[in-house]
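Heads up, the chain below is alone and in the form predicted on its own; it's given as structure tokens.
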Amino acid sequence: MSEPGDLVVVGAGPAGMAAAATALHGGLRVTLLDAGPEPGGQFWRRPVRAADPAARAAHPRRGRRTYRALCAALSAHRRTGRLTLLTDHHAWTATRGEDGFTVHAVDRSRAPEETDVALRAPALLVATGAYDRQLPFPGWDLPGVLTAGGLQALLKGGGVPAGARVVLGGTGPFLLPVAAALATRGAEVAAVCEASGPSAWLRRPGPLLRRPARWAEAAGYAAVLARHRVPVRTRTAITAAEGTGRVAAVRTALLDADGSPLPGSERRIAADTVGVGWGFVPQLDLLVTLGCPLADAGDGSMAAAVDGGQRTGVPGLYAAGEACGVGGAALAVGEGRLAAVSVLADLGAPGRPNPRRLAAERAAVAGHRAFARAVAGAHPVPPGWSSWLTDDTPVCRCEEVTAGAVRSVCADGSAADHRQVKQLTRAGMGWCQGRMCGPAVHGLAAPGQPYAPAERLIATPLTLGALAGPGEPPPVPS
């Protein structure tokens, strides 16, 4: 068991880095841990080989100044000994006691050896981000079908595209930077299939008009796609993938108002790689285990319910970033700072920002959050997506549960949500623990209701040796 500090931050993406830096500046002792090899999260993912110019080119320029400033701040506090940075540490559970919180993490920095590390502090901030939401379709289990986030991770981490001829599909602005990055790296992007239409933005134009920087960003991606002659097809979805042993083509279709394919609108597009993304789902495992209340995020998922200072309903527990609802790196940084200010106030620390600066941060966060809600409203999951599925389409790939099996237990009244479907069919009991299939199973069982993940006392796979370990203190930095 480690000696207690003041604050443990789980997740070293934009929110976690900003929270840690703010708390350290205010005088706290902070432990920051992340499953990755270095801070940055998915948004600021660094190349595996720093000398690779292609990988460096794929590293995002947007927010790079903020990233470098946060890295410098964290490095300075590591030298003073007030920051303990634990990379390659996977938090697998957390508990709350009278004197605060204990976070158990698997130390994989010396793989294949795994050891359990236990971290204690009176305050805990969870900034675990989000993961790709997937909707199944016939053929989605073929090799070569990836998430859009997976395609981007390969580009950022290695500077290489996953295939030569790629089709992207789903909904949301995230498809555009992925398509632009693929095209820039030499892949032929045969089509970008966006399920929503541009008219959806006309219903809530205010947040978009108040964000001219986002207009400029979108225009930049559009220019790249135009230069590489990438067709963007709106109100269109990938409804099936075809191939023997690997994806060779996709079928697309125009969608009607509820998202059902329009008869006669199908196209077949040859492709060796497919990237699909329907937005993101907040990563809530630790928060749910600790009893954190959830709220409807407005995009088909549930997120951590927090107040204006990022406090959850559990005393001493804070949340920031995508765990509170997906909204991008700038929002995550702002929420991380606000959460750290709340920790400083609640622990009685002397160093806090002046009221004017704090008010400006709150206003910026409110603006980013309004924009995120507008994005969610303009790019919803189509209600009729399940009409793409045949009964033999696998929904849970780990346990090989088909859409027909899920529909059967829902039709006879045996299951009313994804938890009951899991009990009856094993959907969600596999290696991914429902992260890939959970939203889809829930959409079949309870259409129109936001998805909340089931409680998992163990949030990441770990060995029995690590599970039985005594909870060693983290190594002292040299």
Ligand SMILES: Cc1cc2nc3c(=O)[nH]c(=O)nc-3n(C[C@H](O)[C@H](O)[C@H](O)COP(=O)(O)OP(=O)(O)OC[C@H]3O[C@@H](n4cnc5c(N)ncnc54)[C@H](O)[C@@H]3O)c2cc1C
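What you are looking at is a predicted structure, and each value in this text was computed from that prediction instead of being measured. All residue numbers are counted from 1 along the displayed sequence.
Just so you know, the form predicted together with this ligand exists too; it's not on screen, but the next bit is about it.
Only one of Phe280, Trp140, Trp388, Phe101 lies close to this ligand in the predicted complex, with a heavy atom inside 4.5 Å, and it is Phe280. This chain is displayed alone, yet in the predicted complex one of Arg235, His89, Arg337, His379 has a heavy atom within 4.5 Å of this ligand; that residue is His89. Within this chain, Asp132 lines the site of this ligand in the predicted complex, having a heavy atom no more than 4.5 Å away. Taking the partner from elsewhere, Ser342 is found to have every heavy atom lying beyond 4.5 Å of this ligand in the predicted complex. Among residues of the shown chain, Gly328 is one whose heavy atoms approach this ligand to within 4.5 Å in the predicted complex. Although the partner is absent here, Leu444 lies well away from this ligand in the predicted complex, with no heavy atom inside 4.5 Å.
Picking from 124 to 132, 251 to 259, 343 to 351, 268 to 276 the stretch near this ligand in the predicted complex, with a 4.5 Å limit on heavy atoms, gives 124 to 132. Although this ligand is not shown here, in the predicted complex the stretch 158 to 191 places heavy atoms of just one residue, Phe174, within 4.5 Å of it.
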